[in-house]
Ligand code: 5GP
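What follows is a single chain, given as structure tokens, in the form predicted on its own.
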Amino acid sequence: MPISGNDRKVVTKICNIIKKHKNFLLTTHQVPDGDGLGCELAFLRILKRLGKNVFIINEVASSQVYSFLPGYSEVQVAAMYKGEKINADVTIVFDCSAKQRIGRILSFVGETKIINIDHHYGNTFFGDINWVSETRSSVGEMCFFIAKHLDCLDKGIAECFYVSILTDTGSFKHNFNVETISVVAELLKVGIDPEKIADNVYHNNSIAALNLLGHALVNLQYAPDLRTAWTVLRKCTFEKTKATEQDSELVIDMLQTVEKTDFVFLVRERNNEIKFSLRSRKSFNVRKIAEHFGGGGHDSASGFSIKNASINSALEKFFRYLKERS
């Protein structure tokens, strides 16, 4: 199984910490996606098999499309805790480039040892142990090697890692290579059903999510000179449809099907900030655009936020930059 000598060393170090400690807190970035959640649920199962006490706490709830994964019902949200302290020796943060991106979970971390496992460019190396591998398709692909080292890979854990890889590669459309496929082959050998997993992830949308998509498509915009398409989701749209922020993943996936585009983007209104999610078509690099605005991610999928701005002013600023660089 392909893993470099340096990666092997940090995997061993992480496993030694897992063996040494008893109480663990698992978390990911503020709006959990398939990669972050998949790793959390895989590690919930791994750590429980090793006799550990485990909490998973995220800023907000995860999408219901992942409810088929083992352990989903055990994921908690920050709002459930009112000033309570979490008894944890170690916090493992998955798929998060900066400590601040875990949101209110920061208040639970305290003096715990932090293990930072990520694959994003621009990671701030905020952990006591940092395993950052930008060439990997997903954090799930990386964490597979930890499960193997601990001899804890079973069907449930393999399903979680497969969801991580499947979703972060856009169903194997980007950000993967032969090493990714070799990991997937190992997961298939454990006995997972990829057809069933894909059906749960992609053919299990709520009425609210589909209504949100309808609103998004009605407001679809296209700029032929910039070869880009976009749409806007306002707070009132989420309230009207009763959709969650996670439901907007369906929107960005649909935007990527628009013809004659180099990249597409989704604009969301969230509290005091305007969030931009960018997706590449072909070889266009959206990470460079996101980094200009203080964000980041991958060449093919990135994002950033503009704080204390209206949607119109944020879009004006964004398009001004696009026209200057074109």
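Just so we're clear, the structure is a prediction, and the values are computed from it rather than from any experiment. Note that residue numbering begins at 1 and tracks the sequence as displayed.
Keep in mind the form predicted in complex with guanosine-5'-monophosphate (5GP) is missing from the figure; the text below concerns it.
Here is the short version: of H174, H120, R227, K148, the single residue with a heavy atom within 4.5 Å of guanosine-5'-monophosphate (5GP) in the predicted bound form is H120. At a distance threshold of 4.5 angstroms between non-hydrogen atoms, S277 is in contact with guanosine-5'-monophosphate (5GP) in the predicted bound form. F304 belongs to the set of residues with a heavy atom inside 4.5 Å of guanosine-5'-monophosphate (5GP) in the predicted bound form. Taking the partner from the other structure, guanosine-5'-monophosphate (5GP) in the predicted bound form has a heavy atom within 4.5 Å of a heavy atom of G296. The shortest heavy atom separation between S97 and guanosine-5'-monophosphate (5GP) in the predicted bound form is within 4.5 Å.
Residues of just one listed stretch (65-73, 255-263, 47-55, 269-277) have heavy atoms within 4.5 Å of guanosine-5'-monophosphate (5GP) in the predicted bound form: 269-277.
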